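Single chain ahead, written as structure tokens, the form predicted on its own.
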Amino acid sequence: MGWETDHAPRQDELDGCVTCGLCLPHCPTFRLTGSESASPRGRLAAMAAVAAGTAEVDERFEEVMGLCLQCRACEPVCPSVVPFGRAMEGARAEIAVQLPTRRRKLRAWLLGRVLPSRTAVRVASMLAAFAQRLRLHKLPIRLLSRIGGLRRLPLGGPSRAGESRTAAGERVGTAALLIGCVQDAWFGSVNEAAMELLTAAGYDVSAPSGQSCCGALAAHDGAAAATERLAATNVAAFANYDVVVATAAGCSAHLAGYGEWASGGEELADRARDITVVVAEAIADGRLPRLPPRAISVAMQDPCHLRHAQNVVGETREIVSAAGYEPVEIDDKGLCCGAAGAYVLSQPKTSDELGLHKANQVRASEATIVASANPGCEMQLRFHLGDRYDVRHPIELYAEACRGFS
């Protein structure tokens, strides 16, 4: 049958794999299963078989693609530089078109319509806040149990959409802040820290009210039409700003790939930055201060879409160090924590196994503060570590230290 969409895996991407196997030890699902079909090489082979017409997009193909975390740990070690993440998104777009089910259509609606709706997310957040207070996450129901990985949610609160602030000193440019979907509602203190630090670093900062969800989760799930629509919305909303800043690693990585999803997306991608990169640059330039050291260790957890997709590693250490903390390494390979967006619900066994492994790495470090720059990773860590550990975004730790020092 072959491919049916414009986002399908491209032949040059499939031909790029030389089956060398260098990706295998870096792939979490291959390490867990030892199965060739659970490796990047095996998944690319399955895609190539469909492209050649010797296999179909069927339930087995969906199973092989569905186990992938899309962590992209295979990309930095690939000698052919195969864009595996893009190929996976294309494969899942094909699955969505060729194997339509009610469940998949429901997910596309949730990711493409409900998640980008600030009203819907606020209502869901209030319900989750009530569930926290009623301790419903203690019930043996997986969806409710994941509430245990959330920060203490407020019962209400305004969105930062439409907010603007002026540079607190010599102006270096303008910055548009992607406030995100759940990031806006559940991690408001991260966005507040971003606005504080960006203005302190010399940026006029705006959170344009016309923006929407970045579309990363829709892209990962194969909801291509929704992804295109969300990307087009943000291309328009973020025009005429010097930089476009995201406070979630998954969002900044997706913005960097906007050229695949919307007219004008490549130009936006050139201006997109993760907040950790912008803050680290400002610290290096002396626009933001280095604070005196303190004898407190912070375990460094690298979100996959920061470390593997964007090659951002040293910046998070620089921020934590500038806040006066001592960064502690827990995993030099940067193995995925198993969160991966909706993966915690679609592949619970694999997600939990990887989450427990990451939690044990943190425990072995003996640090009780953990720095993580992605909401999904933070929720996974909080869920598996428990209340004794404080999991925060690196810029939160830094902004809080700056407030205490001033």
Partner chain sequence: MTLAADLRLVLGADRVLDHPLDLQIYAKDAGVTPGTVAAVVFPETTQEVAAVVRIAVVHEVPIVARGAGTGLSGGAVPTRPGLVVALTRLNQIWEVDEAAHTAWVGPGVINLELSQHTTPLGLHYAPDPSSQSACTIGGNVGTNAGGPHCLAEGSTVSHILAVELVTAGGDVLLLGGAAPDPIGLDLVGVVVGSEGTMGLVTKVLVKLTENAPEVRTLLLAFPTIEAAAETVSSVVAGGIVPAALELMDRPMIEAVENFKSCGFPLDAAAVLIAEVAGHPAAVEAEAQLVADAGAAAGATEIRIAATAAERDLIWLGRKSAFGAVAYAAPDYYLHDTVVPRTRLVEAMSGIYEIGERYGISMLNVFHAGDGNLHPLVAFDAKEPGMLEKVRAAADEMVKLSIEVGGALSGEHGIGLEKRDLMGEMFSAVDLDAQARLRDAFDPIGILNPDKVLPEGSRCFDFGLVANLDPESAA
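Positions refer to the first chain, counted from 1. Note that the structure is a prediction, hence the values are computed from the model and not measured.
Not on display, but discussed next: the form predicted together with its partner chain.
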Of 34-42, 340-348, 371-379, 358-366, which is the one stretch near its partner chain in the predicted bound form, taking non-hydrogen atoms within 4.5 angstroms as near? 34-42
Do T101 and its partner chain share at least one heavy atom pair within 4.5 Å in the predicted bound form? no
Given that the partner is absent here, does C78 sit within 4.5 Å of its partner chain in the predicted bound form, heavy atoms only? yes
If we define contact as a non-hydrogen atom of the residue within 4.5 angstroms of the partner, is C17 a contact of its partner chain in the predicted bound form? yes
If you check in the predicted bound form, is L67 within 4.5 Å of its partner chain, heavy atoms only? no
Is its partner chain in the predicted bound form near all of R160, G169 and Y203, within 4.5 Å of a heavy atom of each? no
By the heavy atom within 4.5 Å rule, which residue out of K333, R294, R290, R165 makes contact with its partner chain in the predicted bound form? K333
